[in-house]
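Listed next as C-alpha cells is one chain, alone, in the form predicted alone.
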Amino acid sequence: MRSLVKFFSSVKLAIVLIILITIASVVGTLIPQNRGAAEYAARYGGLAGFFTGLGLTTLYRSAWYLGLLILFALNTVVCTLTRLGPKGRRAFGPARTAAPQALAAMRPNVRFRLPGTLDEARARVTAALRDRRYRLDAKAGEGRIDVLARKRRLGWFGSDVVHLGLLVVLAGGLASGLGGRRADLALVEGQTAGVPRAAFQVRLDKFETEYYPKGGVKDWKSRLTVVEGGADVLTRVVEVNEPLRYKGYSFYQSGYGTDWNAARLDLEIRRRGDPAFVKPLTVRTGVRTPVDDPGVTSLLVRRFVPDFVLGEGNQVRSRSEEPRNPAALVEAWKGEERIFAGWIFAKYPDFGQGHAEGMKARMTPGGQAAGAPAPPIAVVLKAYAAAPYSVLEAAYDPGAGLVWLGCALVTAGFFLAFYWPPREIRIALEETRGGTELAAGGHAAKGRDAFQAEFEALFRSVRRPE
C-alpha cells in the first residue's frame, strides 16, 4: 500500500502525464473532431481509418484520453493528501516546547534578557506580536512559556488550492467532453426551430447585417426569442461575442447566408415565333406554378444556384453564395406532359433554354439538346431574391461553470503561494533570577529580507517598549 501511495504521489508521474495530455491535446486541435467518415477519408486518405481506430477523431471522449485525465486527477489527489496533514499541523497546530538548539538554528534568531517577571515579559511580547497582526498560541509550563506566533497561515496551502483548482478544471473538462453538445441552427426571419435535446425552441424575429462605409461586414445581429410551452419567455439581440444564454445553453452568432433553396424568381415566358408574346411570372423554387397559357399549363423551378459552375463529373454546383452567375433549372409542363427542361441563366438569356422532352440527343453545357428541335417557348430569368438567414451555434456545456471555478481557484492558489507567504515566530520565555530569558527564532517561506527587518523591529520594541 505504501509503495502504491508513493507511486501515485510521484512528481515524475505528474510530469509524464502532463506531457502526454499536452501532446494529445495538440493532436486533437490539429485533427478536426466529430466529423463524418467521408470528410476524414477525403482529408487523410488511408490514414483516416487509423486515426478513427485510435480515437483521434473523437479524442476528448476516447477511453485512453479520459484515462490519462483520471490518472492525473488521482496523482493530484494523492500528492495533495500526503502533504496536507503536515501543512495543517504546521499552520494550525498548538504551541510546543522548543529546544534552545532548535531556536538557535532558525534564521533569524535572537536571545536576550528582559527585566521583570515572566508574566510581564509575556504581556510585552504578546502586545508587540499582536500589533503586527500575528495570531498567537501559548503553552505554559513550570517557570517557562512557549509562544507560537503565525500570520498568513493560508499561504501554506497555496499549492493545495492550485491542485484543487486543477481537479475542478478536470471535472469540468470531463463533464463538457461527455455531456456537452453543439449544433448549428440556420434560421430565416420568422422561423422557429427546436434546440437539440432541449425542452424549448428559438425563433428568429429579425436579422440584419451592418456594413462599414467601404462595404465590409461590420456586425451581424439576430433578434432571438426563446419559446417554451408555446409562450415567449425571453428575447435578446445576439451579436458576435454577445450570446444569449438560457438554461445552460448559449446561442452564438456564427455566420449568415442567403436561403437560395427557397428563392423567389421573376421569369418571363416567351413564345417562339411571336415576339409580341411576353408573359411575366413569379415563382418559388420547388413550387409548381400554374401558367394561364394553352401552350404551357405550369412551370417548375427544380433548383436555383447563385454562382453556377460545372464541377467534377459535370456536376452542377455553386462556387459561392454570391449571385455572380445565377442559374435556374426549369421545367415546363403541358398538362402532365413535360415539354422541356434545362438551365437558364440570368446573365446569358440566350444560352441553354432547355430541350424538348423525349429527345435522345447529346446535351450541351447549357442544357440544349444538340441536334434537337427548339422547344416551343423560351423562359428568361429576369430577377431573383432570397431571404437572408442567420447561423446560430447552440452550445450546451455542462462543465463551463466548473472550468471557470477551477481557474479562479488556480489563480487564488498562485496568489497564496507567491504573494501571501506565511511567517512564523517561536519564542521561549524562561524565568530566571532577576528577570526573564527570551530566545526566539523565525521562519518565512518567501520575502526573507522583509521578514528579517520585521523580526528585528519586533524585538527592538520588545526590548525597549514605547
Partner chain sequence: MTESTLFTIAFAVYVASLLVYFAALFARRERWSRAAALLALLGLAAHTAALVVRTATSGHAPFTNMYESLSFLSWAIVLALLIFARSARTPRLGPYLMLIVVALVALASSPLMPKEATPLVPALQSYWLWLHVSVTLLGEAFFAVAFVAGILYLASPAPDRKERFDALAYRAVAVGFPLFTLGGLVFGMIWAYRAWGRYWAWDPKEVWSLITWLVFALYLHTRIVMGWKGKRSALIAIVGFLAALFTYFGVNYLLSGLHSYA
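Numbering follows the first chain given and starts at 1. Because the structure is a prediction, the values reported are computed rather than measured. What we label the rigid core is the largest C-alpha set whose atoms superpose within 1.5 Å from one form to the other.
Below, we refer to the form predicted together with the partner chain, which is not included among the displayed structures.
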Exercise. So which of Leu166, Ala378, Ala198, Leu299 gets a non-hydrogen atom within 4.5 Å of the partner chain in the predicted bound form?
Worked result: Leu166
For this session: Tell me, out of Pro306, Gly342, Gly173, Gly158, which residue has a non-hydrogen atom within 4.5 angstroms of the partner chain in the predicted bound form.
Result: Gly173
For this session: Consider Tyr134 of the chain shown here, and say whether it contacts the partner chain in the predicted bound form, taking contact as heavy atoms within 4.5 Å.
Result: no
For this session: Classify Val287 as contacting or not contacting the partner chain in the predicted bound form by the rule of any non-hydrogen atom within 4.5 angstroms, answering yes or no.
Result: no
Exercise. Would Leu68 sit within 4.5 Å of the partner chain in the predicted bound form, counting heavy atoms only?
Worked result: no
For this session: Using the partner position in the predicted bound form, report whether Ala450 sits within 4.5 Å of the partner chain, counting heavy atoms only.
Result: no
Problem set entry | Residue stretch of 241-249, 379-387, 147-155, 333-341 approaching the partner chain in the predicted bound form, non-hydrogen atom distance within 4.5 Å | 241-249
For this session: Residue by residue through 427-446, tell me which have a non-hydrogen atom within 4.5 angstroms of the partner chain in the predicted bound form.
Result: Lys446
Problem set entry | Core superposition between this form and the one not shown, C-alpha change of Glu430 at least 2 Å | no
Exercise. After the core is matched up, is the C-alpha of Leu59 off by 2 Å or more between this form and the one not shown?
Worked result: yes
Problem set entry | Cα displacement of Gly406 between this form and the one not shown reaching 2 Å, rigid core superposed | no
